[in-house]
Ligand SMILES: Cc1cc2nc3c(=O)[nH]c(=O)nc-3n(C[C@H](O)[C@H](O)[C@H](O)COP(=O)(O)OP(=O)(O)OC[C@H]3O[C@@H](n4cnc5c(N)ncnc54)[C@H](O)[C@@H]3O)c2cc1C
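Here we start with a single chain on its own, the form predicted on its own, put down as structure tokens.
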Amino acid sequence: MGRIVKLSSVERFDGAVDVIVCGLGGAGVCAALEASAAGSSVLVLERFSAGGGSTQMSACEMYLGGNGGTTLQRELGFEDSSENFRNYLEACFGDYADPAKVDAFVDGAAEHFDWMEAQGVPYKRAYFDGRDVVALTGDSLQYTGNERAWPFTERSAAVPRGHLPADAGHSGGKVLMGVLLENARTCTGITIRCDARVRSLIVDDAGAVCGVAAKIDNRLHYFFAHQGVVLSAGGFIMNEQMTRQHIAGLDGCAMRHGNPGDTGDGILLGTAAGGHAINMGEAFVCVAHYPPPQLTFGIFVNEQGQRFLNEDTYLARMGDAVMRQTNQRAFMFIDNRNFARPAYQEHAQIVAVGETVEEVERESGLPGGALQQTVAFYNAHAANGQDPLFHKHADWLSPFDEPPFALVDYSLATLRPAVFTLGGLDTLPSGEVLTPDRDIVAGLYAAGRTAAGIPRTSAGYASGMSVADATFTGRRAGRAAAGRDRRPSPGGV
């Protein structure tokens, strides 16, 4: 069976509702809740036996700010103007950014936090000031990206924007999705069908999407949508054919990070209906060179023995930079004072140890004199609290003067870092799917990683951007679908 079914060929429907949501992760559950709140009847079709998606697997910081700050930011004494938030996002994604989506997100992100609290997601009024990927202190506000690192500090004032469910640690996704899924289950306007994989979109003679065909109990069921269909089926990191086609540079050196349903179903359905997939070559690449935070005192060099980035940057920016080095090879040089095992990169290997930089260089096989020159230059300026090449913050500058010294391999082939995709269907901020000419595919919406949203490159990513984007765009798609005029039921319903 193809991914498109003509309405005229459907002899009988198994049901009809206003809005059909395909996928019950963070984007899908938010789309369903908002569509229902707007007065539409909603059917959610989930491929697996329970909802949750990749959002449930995450720590679930949400990256939010603007409008003077979220309620949490303001109550903890932080101001975050919309201009400041926009400047940061534009610095993160540059030419990759969709200005209309950035504007919509900046305008609505603070309200999005209030919506989550109103749903019942708990947040503690406490701020974590340390350098970690996820606050393990129970605090709900933290820095999660490059806010305090160059060159971002030249564009915007540093403000913590990671909003983490209270006392959640790495289990924030379970907390947030537990609340939202329970709200959806108890909502009288929402029907959830699990073990239901959407195989096709139903379109009328004009090309408008008006339903789906889903495999349930080993047979196809046909459902009519009076208003629209929302695709919220995740990204495509688990689809080997698609990843080889679009992110071949990471093939064989990455750990696929996502849920088993991230096979690109929503993207493939959307393109079959005339939608345009964009940004497909971009992915989040995790080279977690911290925690512990003292590892930030180390420097990274490539196989030529040269530094290539300020080490106080976020782990995804580091991953992007390592990916761009010759043979995707990179090494951390560090002295005994700050040496530690990286908390998240268990495959990192020590390739050389020595009492002098020259010994480390010789044992590692780096070009003769290159590492010595790099370290000597760095030491001379670090002693004065300066980094003229990459502007690492003075808080993380210290000369390497306590041997033994070590060189640790952070090459992608060694680490096999976590990767997930950032490409998807081109959409309006409302979630409406667009053709290559940017015309609207009537009746079709997409959200979360099925769409190309706010986060567009690993170089500008921050923890929480995907969850914030997925839940925010899910809400907008649900509202937009519910606002569309209802079309009458065809025969056979």
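Note that residue numbering follows the sequence shown and begins at 1. Computed from a predicted model, the values in this text were never measured in an experiment.
This protein has a second form, the form predicted in complex with this ligand, left out of what is shown; the following refers to that one.
Could you check which residue among 453, 443, 464, 460 gets a heavy atom within 4.5 Å of this ligand in the predicted complex?
The option sitting close enough to the partner is 464.
Report the residue, out of 189, 261, 342, 423, that has at least one non-hydrogen atom within 4.5 angstroms of this ligand in the predicted complex.
By the 4.5 Å heavy-atom cutoff, the listed residue in contact is 261.
Where does this ligand sit in the predicted complex: which of 191 to 199, 78 to 86, 217 to 225, 291 to 299, heavy atoms within 4.5 Å?
Only one stretch qualifies here: 191 to 199.
Output flag, 24, 52 and 58 jointly within 4.5 Å of this ligand in the predicted complex, heavy atom basis:
Checked in the predicted complex: all three residues contact this ligand.
Residue-level contact is defined here as any heavy atom of the residue lying within 4.5 Å of this ligand in the predicted complex; does residue 46 satisfy this criterion?
Answer yes; at least one heavy atom of residue 46 falls within 4.5 Å of this ligand in the predicted complex.
Non-hydrogen atom contact residue 19 with this ligand in the predicted complex at 4.5 angstroms
Judged by the heavy-atom cut-off of 4.5 Å, residue 19 is well away from this ligand in the predicted complex.
Hey, in the predicted complex, is residue 275 touching this ligand, heavy atoms inside 4.5 Å?
No - in the predicted complex, heavy atoms of residue 275 and this ligand never come within 4.5 Å of each other.
Spell out, yes or no, whether the shortest heavy atom distance between residue 139 and this ligand in the predicted complex is within 4.5 Å.
Although this ligand is absent here, residue 139 would stay clear of it in the predicted complex, with no heavy atoms inside 4.5 Å.
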